[in-house]
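Only one chain is shown below, in structure tokens, and it's the form predicted alone.
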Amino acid sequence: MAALAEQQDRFAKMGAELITVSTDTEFVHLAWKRDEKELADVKYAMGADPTGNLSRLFGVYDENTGLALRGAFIISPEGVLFNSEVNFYNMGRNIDELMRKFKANLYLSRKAKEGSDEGCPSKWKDEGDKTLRPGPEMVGRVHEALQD
């Protein structure tokens, strides 16, 4: 959550609304924000899901422990799920990779509205980086396409 707080202004400038949710109560969140110095700069909403209903909806609720796995979801303003990443309890999320995915989805959404069928390869980081156009001619030739 601290790594996300470090990037929250950058996400906001790009139009993102950040919300974190856990199975903790709102009182636990208040205690975390009050006592954990790493969270001093958190401006985003911290949602409480003590019943696990939202966690179940997103497929991250562990019925055996009553806890939620660590998920990150990129959802469009229209409610379309663009990306989901789920890690076990002891694995944090990489905010730089989340930003890369967010930027790629913004880029691809804009290009799709323009009629393009581009795809962002795994090393794509920012607009201007090499993209690919999926199709039969790309099969077996991704390496060559990325070298152009």
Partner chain sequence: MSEEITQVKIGQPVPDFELAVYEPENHGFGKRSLADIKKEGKWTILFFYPADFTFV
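Positions refer to the first chain, counted from 1. Since we're looking at a predicted model, the values are computed, not measured.
Another form, the form predicted in complex with the partner chain, is not on view; read the next lines as being about it.
Among residues of the shown chain, Ser84 is one whose heavy atoms approach the partner chain to within 4.5 Å in the predicted bound form.
At least one heavy atom of Ala16 is located within 4.5 Å of the partner chain in the predicted bound form. Using a 4.5 angstroms limit between non-hydrogen atoms, Pro121 is distant from the partner chain in the predicted bound form. For the chain shown alone, His29 is a contact residue for the partner chain in the predicted bound form, at least one non-hydrogen atom being within 4.5 angstroms. In the predicted bound form, no residue of the candidate spot (Gly128, Pro134 and Leu146) has a heavy atom lying within 4.5 Å of the partner chain. Along 42-58, a non-hydrogen atom within 4.5 Å of the partner chain in the predicted bound form is carried by Val42, Lys43, Tyr44, Ala45, Met46, Gly47, Ala48, Asn53, Leu54, Ser55, Arg56, Leu57, Phe58, in order along the sequence.
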